[in-house]
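Below you will find one chain, with nothing else, as structure tokens; this is the form predicted alone, and questions on how it binds or moves follow later.
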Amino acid sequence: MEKVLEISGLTKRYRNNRGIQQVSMDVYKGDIYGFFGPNGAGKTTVMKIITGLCRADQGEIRILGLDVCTQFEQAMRNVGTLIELPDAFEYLSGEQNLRMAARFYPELPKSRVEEVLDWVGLTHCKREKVGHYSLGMKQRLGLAAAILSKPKLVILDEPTNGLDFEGMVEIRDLIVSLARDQQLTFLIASHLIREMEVICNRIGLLYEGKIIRQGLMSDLLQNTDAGPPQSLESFFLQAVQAERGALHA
């Protein structure tokens, strides 16, 4: 399988002694990789380092074989991001916002904006001002902006945060359909464990700045006693308990 994202030994320490340490992970073409951990575990730090918003103390990141440290611009051409809240001009329409963003990619056909609006289900309200959009519609617009440049890897930080149940299901189904139909690869960070279990085929569990378990969701949740598969929630709690036991051993 083709590796889209390779991270090795990523470490970042802040003055308050929090951060991440020795984070290593691989994301393969077509994956929806869930990066799960409680608030403050270090998920956003990893994503900011990948996208150049933060500098690591040590470690290596490669995107489609390109070193992010030495080949940053080339690597980022393959990446679309939505980190934290979507950013848009609320006095402009959804379509106008995307057309402004499209100016940074002169190689894109003019039809690309219409294409992504259709994919995210915003065609019917593309001329409406973003200030009138619901939170779910803004999230859809942010996702449209993230995939506008035809990236190979899409990085999403808490894409369903603040949405009601219906909005969460809509965004979840949209991500799954984009991965399936457009062959996009996703790295998604969230603290909503049930969302991760439903949407992701591969998972990495982050706890206190370290990845304590990772792999295919189906493999990790399979009960070794040939019983029914366990939930991601119970698996995570067991992994945390084992990690704490190892630290105090």
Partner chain sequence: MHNLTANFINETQKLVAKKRMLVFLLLLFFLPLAVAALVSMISGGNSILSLSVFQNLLLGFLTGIVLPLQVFQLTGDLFAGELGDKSIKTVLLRPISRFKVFASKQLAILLLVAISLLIAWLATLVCGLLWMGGAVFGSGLWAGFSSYAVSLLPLAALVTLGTLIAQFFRSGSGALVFCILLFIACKLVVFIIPSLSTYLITSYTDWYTWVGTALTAGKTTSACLFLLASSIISFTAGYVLFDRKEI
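Positions refer to the first chain, counted from 1. Under this definition, the rigid core comprises the largest set of C-alpha atoms superposing within 1.5 Å between the forms. A quick note: this is a predicted structure, and the numbers were derived from the prediction, not measured.
What comes next is about the form predicted together with the partner chain, which is not displayed.
The closest heavy atom approach of G52 to the partner chain in the model of the complex falls within 4.5 Å. In the model of the complex, the partner chain sits within 4.5 Å of a heavy atom of K48. The partner chain is not drawn, but in the model of the complex it has a heavy atom within 4.5 Å of R77. Proximity of F104 to the partner chain in the model of the complex: non-hydrogen atoms within 4.5 Å are present. Across the options 132-140, 169-177, 119-127, 104-112, residues that bring heavy atoms within 4.5 Å of the partner chain in the model of the complex belong to 104-112. The partner is absent here, but in the model of the complex a heavy atom of A145, alone among L153, A145, L163, L156, sits within 4.5 Å of the partner chain.
Of the residues in 60-76, those that come within 4.5 Å of the partner chain in the model of the complex through at least one heavy atom are, in sequence order, F72, E73, M76. K129 shows a C-alpha shift of 2 Å or greater between this form and the one not shown [criterion: core-superposed Cα displacement of 2 Å]. After superposition on the rigid core, displacement of the C-alpha of N78 between this form and the one not shown stays below 2 Å. A movement of the C-alpha atom of E95 reaching 2 angstroms or beyond is seen between this form and the one not shown when the two forms are aligned on their rigid core.
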